[in-house]
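Have a look below at one chain only, the form predicted alone, in structure tokens format.
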């Protein structure tokens, strides 16, 4: 493990007001999104979509790292150039999703445990040799009647910590992603309580597994009321609750926090991130960044719809959303940017 290289990579991922682009959806998930838009659910169509993303002119101005799926990191552009080569040429660091998905947790109805630790050491070595320099593992925590249980939180925290230790051993910066889901009727206060417990537990296990905190990136949910909750707090109230929760639970040694969008609209995710950076710029010890998927990609995918003639227009939309999120990191985002892009 090269400690300084891990630290440098982690810092680079949240430097210059940039953020991460999560393009690591599994093939079944990608196919579902394609099906809704009438796009063929084929390997070729997935390749074309990913090539559209990584060849977007100027994307590296806003995006520091791209999280890929196993199929993606092995794909090539139509001209035969490896996609990972195009990503590197754009000044973007390559990352890779390494968990194998959240599965039903035995003995815990309604709860999930993320799998993928078996054989992970060898897979990480291969990805490093292919050019990846960071990785991602997602744990899913549902809120509901009697859940999450302590057993679910502990099991997912242990898996995240073991994954993170293996990543650092292999020279990859681990993205630690505990997602408290938005689905449900829970209040913002309930999400705050569970998110704080989850984060405290995760950092306890990271410490036990001797993970170097200066060489990780945290990818948490924002503190939000459930989608079905009757009370939906304002942008500023969400920003206040999220930063307060993070200050209680996340050590200052962590270089950056890159929020997941978790199903929020692109505009709302940007507005909430903007409020955090505008209201707390001098009060938090870590960079507050983004690691969005649909919140950046969705408008572009809808424009593209699988048609070559729409590629340039779709790329413009993708870059515009990326620019909105870079502005949010600076506390300079406004709804008007959704039209102008600047």
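In this text, all values refer to a predicted model and were calculated from it rather than measured experimentally. Positions refer to the first chain, counted from 1.
What follows is about the form predicted in complex with a small molecule, which we do not show.
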Picking from 227-235, 79-87, 119-127, 135-143, which part of the chain touches the small molecule in the model of the complex when contact means heavy atoms within 4.5 Å?
135-143
Contact between residue 303 and the small molecule in the model of the complex at 4.5 Å, heavy atoms?
no
So in the model of the complex, does any heavy atom of residue 261 sit within 4.5 Å of the small molecule?
yes
With the partner left out of view, is residue 22 within 4.5 angstroms of the small molecule in the model of the complex by any non-hydrogen atom?
yes
Would residue 293 count as a contact of the small molecule in the model of the complex, using a 4.5 angstroms cut-off between non-hydrogen atoms?
yes
